[in-house]
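This document starts with one chain, in the form predicted alone, laid out as structure tokens.
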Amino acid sequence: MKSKTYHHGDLKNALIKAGVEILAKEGIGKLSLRKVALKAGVSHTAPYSHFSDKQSLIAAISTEGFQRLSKALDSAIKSHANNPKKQLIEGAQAYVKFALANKDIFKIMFSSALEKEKDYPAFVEVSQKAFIQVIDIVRTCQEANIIKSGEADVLAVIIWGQVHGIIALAIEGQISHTVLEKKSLQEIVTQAIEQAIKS
């Protein structure tokens, strides 16, 4: 009976969700299409209609994650179309919110679990899109004289790396509780962003 749930096109999403849960709880070594099928409540051959192997499932999980992240960044940018500084700060906050709401997918997206990224064009396209969105925010801020001039892609890496690093530390429980008692993760990220902004 349970397999009938997936006759309307959501089998792929059910398999992706099952894959995320297995990766989060048991790690990459325990992930298999058979195990994913069992968790999703479908036959052990069902996953092969969407995924050729474990790597293609990991690619789909990562692609889904970057699509959600890109959508969140896009929403933050469009909500503050006439305020580049707000775009930068709210873009960073959108990144924080996404990471905290999707910790398991977030970890997979930025892990080495996907071995041959170039074999998955959809993943490459959407992951590059997210980075281009960050570059565009940086360029807009440069044009408005909000952050210093320089190569926009390099500055984008520096800003993204700073925000990502703070979030990664938080997710792994590596930020001291004494710090988090003073400031929320969102406030820490905003402070990091403000350091990149011209005074």
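Please read these numbers as outputs of a predicted model, since none were measured by experiment. Note that residue numbering begins at 1 and tracks the sequence as displayed.
There is another form of the same protein, the form predicted in complex with a further copy of the same chain; it is not shown, and what comes next is about it.
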Exercise. Do all of S79, F98 and A122 end up near a further copy of the same chain in the predicted complex, with near meaning a heavy atom within 4.5 Å?
Worked result: no
query = Q162: heavy atom within 4.5 Å of a further copy of the same chain in the predicted complex?
reply = yes
Even though the partner isn't displayed, in the predicted complex is A144 close enough to a further copy of the same chain, meaning a heavy atom within 4.5 Å? no
Worksheet item: Hey, in the predicted complex, is I188 touching a further copy of the same chain, heavy atoms inside 4.5 Å?
Response: yes
So in the predicted complex, is a further copy of the same chain close enough to K148 to count as touching (4.5 Å, heavy atoms)? yes
Those residues of 132-161 with a non-hydrogen atom no more than 4.5 Å from a further copy of the same chain in the predicted complex are K148, E151, D153, V154, L155, V157, I158, W160, G161
